[in-house]
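As structure tokens, one chain now follows by itself in the form predicted on its own.
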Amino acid sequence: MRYLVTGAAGFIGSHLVERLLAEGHSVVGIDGFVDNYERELKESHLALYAKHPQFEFVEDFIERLDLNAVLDGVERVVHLAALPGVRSSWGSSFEDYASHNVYATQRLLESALHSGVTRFVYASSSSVYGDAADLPMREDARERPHSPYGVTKLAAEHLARLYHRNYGLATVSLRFFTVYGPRQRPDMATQRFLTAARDGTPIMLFGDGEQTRDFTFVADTVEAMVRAAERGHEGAVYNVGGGSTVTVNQLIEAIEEVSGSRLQVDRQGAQRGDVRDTCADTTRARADLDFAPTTPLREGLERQWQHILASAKPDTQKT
């Protein structure tokens, strides 16, 4: 198969591209290098497969690309590119979120209609649920985003449904729950906490730490994407959770055990847009995709910790 992967230099995208190339597929990757974190890190991801004979890379934003040319010969699209972050999506930043997360998705869907694309997988988020009244979160629950970021992810998800219902485009949306693992974005809690454990620096914790998250190892997330591209029901929405729902305080304890370091915690007030609890009901994904996460939290943290140690610059190594 020939795949288009947007956000190909990002955390999840880089793992997906590696998996697809290893399976013998050809991949066109797009990334606009949004400046939400250092370009150098994204380029290091890209360097892992940039010279692969079955990989082509296009650097630009989806909003301004000639997508018909990019999609020429592409059979499957996995759309990961987005501007992430709940806390940074307020105020004047919303214009960028609307452009990167909603308008870009609409342009890609529109072009996919005329380019022979047989399956379009959209990477949505558990943020569409907001503070859910009932746990675990089910795909048929009422969506109540608690942040502008969640609003944009839900809007793009609705667009995917509309293109399926009105034009028959074979779309599948996956709602990711707190993906972690090697190459995780530096602003995400697991990466921040593990890096602080390595460097002996304090961490900032928002809220009382009793909020819960459903942590999903990146390889399990990639597995769900591959299965959705192969067998997901057209027009369907699936939760992708890791089955490791713990409090942030419990996460900190696990990180201390894995790293052998005691974390210094600077406790701050809760932030706007942060939800209290997330927990995925993955019944639908198990039934339709035969998907079940296989990486326990402790094992996933250990793998992320080893990656952080291996990638440390000499001046950040603990003595």
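Since this is a predicted model, take the numbers as computed values, not measurements. For every residue, the number given is its place in the sequence shown, counted from 1.
The discussion below concerns the form predicted in complex with a small molecule, not included here.
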query	finding
Contact test in the model of the complex: Gly10 vs the small molecule, heavy atoms, 4.5 Å	yes
In the model of the complex, Glu256 touching the small molecule (heavy atom, 4.5 Å)	no
The small molecule contact at Ala50 in the model of the complex, heavy atom, 4.5 Å	no
Proximity of Ala112 to the small molecule in the model of the complex, heavy atoms at 4.5 Å	no
Answer option from Ala81, Ala228, Val78, Leu108, heavy atom within 4.5 Å of the small molecule in the model of the complex	Ala81
Proximity to the small molecule in the model of the complex, single hit among Ile62, Val27, Ala285, Ala280 (heavy atom within 4.5 Å)	Ile62
Segment that reaches the small molecule in the model of the complex - one of 148-156, 230-238, 68-76, 161-169, heavy atoms within 4.5 Å	148-156
Every residue of Phe33, Ser124 and Arg185 near the small molecule in the model of the complex, heavy atom within 4.5 Å	yes
